[in-house]
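A single chain, nothing else alongside it, follows as structure tokens in the form predicted alone.
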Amino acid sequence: MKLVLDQLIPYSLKDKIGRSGSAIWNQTISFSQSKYVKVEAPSGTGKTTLTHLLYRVRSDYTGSIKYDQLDLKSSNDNELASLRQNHLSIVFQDLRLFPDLSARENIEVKRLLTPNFSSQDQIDEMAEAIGVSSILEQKIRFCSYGEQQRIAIIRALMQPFDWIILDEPFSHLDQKNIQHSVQLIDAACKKRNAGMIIMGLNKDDYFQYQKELVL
């Protein structure tokens, strides 16, 4: 599944984009499935805005975003639901977990949308791999932010996807937990032949990126 951004300009950043260069805004750029893309985005340049546009949380922009031949802005509810269920996964910067559900229940909410794709055993395996086994039955609101980030990562890996979008997914993790989380995500992407777009404030060497862009 190819991703193409064509002359994309968010309404909220229209004045800023005219005064500064960007490798993404107001450009025509394509991303091939299976490629890893790092978007380096200093505060205030639209990192989270881009995340929301790519997942169509927002559609306040000119230009177009296309996954293959599907124009994201003009897609109907069924097309968008299918895209999110089968082709596109995400870890939001604010995570969007349900505070009164347990960590496991938060993951199950996503897994049960495509129950034949992953199993409860895989939840336990992933939790063990990134050090959150002990908090699976705990309400998510009582978990640290770093623990919540790792639960959000597992949740995102419970579904099929051609692309995964990650908005500062490791901001509250130490180096050991970053390394374990990177290994888990990388293995999941390679298994699916999936592409990745990861947002961050600075350069990093977490993954072997094929493109590194400054927003």
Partner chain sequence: MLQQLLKKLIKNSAGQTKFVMALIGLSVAVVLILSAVQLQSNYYELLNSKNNQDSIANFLVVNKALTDQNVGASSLSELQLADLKKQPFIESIGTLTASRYKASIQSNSELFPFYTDIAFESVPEEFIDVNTKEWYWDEHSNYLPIIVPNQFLDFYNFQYSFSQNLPQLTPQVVKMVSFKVTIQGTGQSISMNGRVVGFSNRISSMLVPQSFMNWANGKFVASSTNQQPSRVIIRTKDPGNPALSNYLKKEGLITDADKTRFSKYRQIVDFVVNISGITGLLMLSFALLIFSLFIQLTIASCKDEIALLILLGNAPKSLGKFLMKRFFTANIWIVLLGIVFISIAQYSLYSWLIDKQMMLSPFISIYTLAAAILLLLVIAWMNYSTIQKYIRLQQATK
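Everything quoted here is computed from the prediction, not taken from an experiment. Numbering follows the first chain given and starts at 1.
Below, we turn to the form predicted together with the partner chain, even though it does not appear here.
Review point. Does at least one non-hydrogen atom of residue 97 fall within 4.5 angstroms of the partner chain in the model of the complex?
Key: Looking in the model of the complex, residue contacts with the partner chain include residue 97, since a heavy atom lies within 4.5 Å.
Check your understanding: Does any heavy atom of residue 57 come within 4.5 Å of a heavy atom of the partner chain in the model of the complex?
Key -> Residue 57: yes, in contact with the partner chain in the model of the complex.
Exercise for review: Would you please decide whether residue 85 lies within 4.5 angstroms of the partner chain in the model of the complex, comparing each non-hydrogen atom pair?
Suggested key: The answer is yes: residue 85 has a heavy atom within 4.5 Å of the partner chain.
Check your understanding: Is residue 78 close to the partner chain in the model of the complex, meaning a heavy atom pair under 4.5 Å apart or at it?
Key -> Result yes; residue 78 sits at the interface with the partner chain in the model of the complex.
Practice item. Give a yes or no on whether every one of 92, 108 and 113 sits within 4.5 angstroms of the partner chain in the model of the complex by heavy atom. Key: Result yes, every residue of the spot touches the partner chain.
Exercise for review: Determine which one of 49 to 57, 164 to 172, 34 to 42, 183 to 191 lies within 4.5 Å of the partner chain in the model of the complex, judging by heavy atom distances; exactly one does.
Suggested key: Partner-contacting stretch among the options: 49 to 57.
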